[in-house]
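Just one chain follows, in the form predicted alone, and it is written as structure tokens.
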């Protein structure tokens, strides 16, 4: 079997006496779309922060494409969409994307920028300061920033937050396209319906650990819902 795009081995994370993750282990193969399901506070965001290198694990290890996630080459193959936009409000959308195209040495940057702006339906607002954007528009530009350098691995932390129904549909279409192109995608969400539409596989995280790992094609919506809500009940009882 090929080396997984992502390997998480025995990862724990604590902040003093607060436990955020407990012995989390799983792997994601290249081209897989995996959704991490769990309630707020279950550890989903912390998990993505550890994988992306924003936070160091207290124990365990992470590998991207079989090697150190902090390797410069690996960093260039990774993109994160999170609650932190990593955009500059005093720059236009175009200027933000030009800046990131230089950081990632994007070839044919002008055409690539035009493409991602078109994909998120912001080309007509490319000369406007990001500070004037609505929350939903800013989120769409964040998605454009993340896709700009055509990463092999996408980490998405509740990316539908702040988007209206039209923008949600647009993002679902974009993610389906990325999947068709062979991208590896890890999505955190508590939206079971969207996860079922997009994912090959799902993980349920509860009490800061993985309690279920299953394939969407082998699980009915009721089974996934039952696993999710039984995990929630367990958390509420603790």
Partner chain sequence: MMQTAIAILKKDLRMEFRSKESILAMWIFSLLIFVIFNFTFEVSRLVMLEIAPGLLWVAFVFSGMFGLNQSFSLEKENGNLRAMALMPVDGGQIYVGKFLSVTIIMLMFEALIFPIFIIFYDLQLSLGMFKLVPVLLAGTIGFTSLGTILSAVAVHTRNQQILLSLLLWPLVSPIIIWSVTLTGMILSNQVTEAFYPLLLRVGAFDVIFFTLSYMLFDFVLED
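What you see is a predicted model; the values in this text were computed from it and never measured. Numbering follows the first chain given and starts at 1.
Omitted here: the form predicted in complex with the partner chain. The next part is about that form.
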(request) Heavy atom within 4.5 Å of the partner chain in the predicted bound form: which of 55, 178, 30, 61 fits that? Just give me the one. (result) 55
(request) Evaluate residue 105 for contact with the partner chain in the predicted bound form, applying a 4.5 angstroms cut-off between non-hydrogen atoms, and reply yes or no. (result) yes
(request) Answer with yes or no whether residue 92 is in contact with the partner chain in the predicted bound form, where contact means some heavy atom within 4.5 Å. (result) yes
(request) Please check if residue 75 has a heavy atom lying within 4.5 Å of any heavy atom of the partner chain in the predicted bound form. (result) yes
(message) Taking the partner chain as it sits in the predicted bound form, is residue 67 in contact with it (heavy atom to heavy atom, 4.5 Å or less)?
(response) no
(message) Just to make sure I understand: among 85-102, which residues lie within 4.5 Å of the partner chain in the predicted bound form, judging by heavy atoms?
(response) 85, 86, 87, 88, 89, 90, 91, 92, 95, 98, 99, 100, 102
